[in-house]
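Taking the form predicted alone, here's one chain by itself in structure tokens.
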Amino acid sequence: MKKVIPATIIFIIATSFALQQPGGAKAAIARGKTVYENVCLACHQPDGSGVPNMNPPLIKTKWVLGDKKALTKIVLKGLQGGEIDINGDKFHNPMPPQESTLTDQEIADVLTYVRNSFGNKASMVTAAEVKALRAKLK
């Protein structure tokens, strides 16, 4: 029996994660754009620039490009009260939770869209990742 090359195993694992999203990254981004336009655009603006002192931008911030779980938690649970600091600017508007509004797939798609739009380039968020975090946060 031949030994399996570690690179082959990595390829198989990476491929399986990509296949968790129906249609792959391009399809997820296209679906996410629709969710963004229907749910997020009013506060975060068409270009992701947000509204000064109210709604934060989604352009190349640690929140968007960093930890997927932290970003997913914000979408699921929202941000209530206080302020958020992004690149030295403070934003005060609360963000409503989307856990009862959007499906796991819709959240994965919109986050994949945001993480790959407005000059951002980051990995996909999968519905399985959203589902696991949603269950953990209950």
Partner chain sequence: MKNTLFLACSLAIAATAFGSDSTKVKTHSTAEVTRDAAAITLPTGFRSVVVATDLGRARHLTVAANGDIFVKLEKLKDGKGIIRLHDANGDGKADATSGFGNYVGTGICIKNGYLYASSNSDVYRYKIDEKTGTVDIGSEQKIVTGLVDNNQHNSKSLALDNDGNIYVNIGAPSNCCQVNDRVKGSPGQDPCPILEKAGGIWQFKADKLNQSYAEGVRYATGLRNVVGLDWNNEVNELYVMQHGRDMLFQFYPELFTQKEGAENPAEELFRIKKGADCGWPYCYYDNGKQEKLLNPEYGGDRKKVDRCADKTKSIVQFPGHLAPNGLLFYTGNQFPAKYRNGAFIAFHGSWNRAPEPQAGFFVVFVPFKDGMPSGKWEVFADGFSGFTSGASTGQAKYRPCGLAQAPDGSLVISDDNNGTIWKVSYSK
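Numbering follows the first chain given and starts at 1. Everything numeric in this text was worked out from a predicted model, so none of it was measured.
This next part talks about the form predicted in complex with its partner chain, which is not shown.
When its partner chain is considered in the predicted complex, only one residue from K60, H92, K26, K69 comes within 4.5 Å through any heavy atom, namely H92. Residues with any non-hydrogen atom within 4.5 angstroms of its partner chain in the predicted complex fall in just one of 47 to 55, 60 to 68, 108 to 116, 26 to 34: 47 to 55. Its partner chain is not drawn, but in the predicted complex it has a heavy atom within 4.5 Å of N87.
Residues G81, G82 are the members of 63 to 86 with a non-hydrogen atom no more than 4.5 angstroms from its partner chain in the predicted complex.
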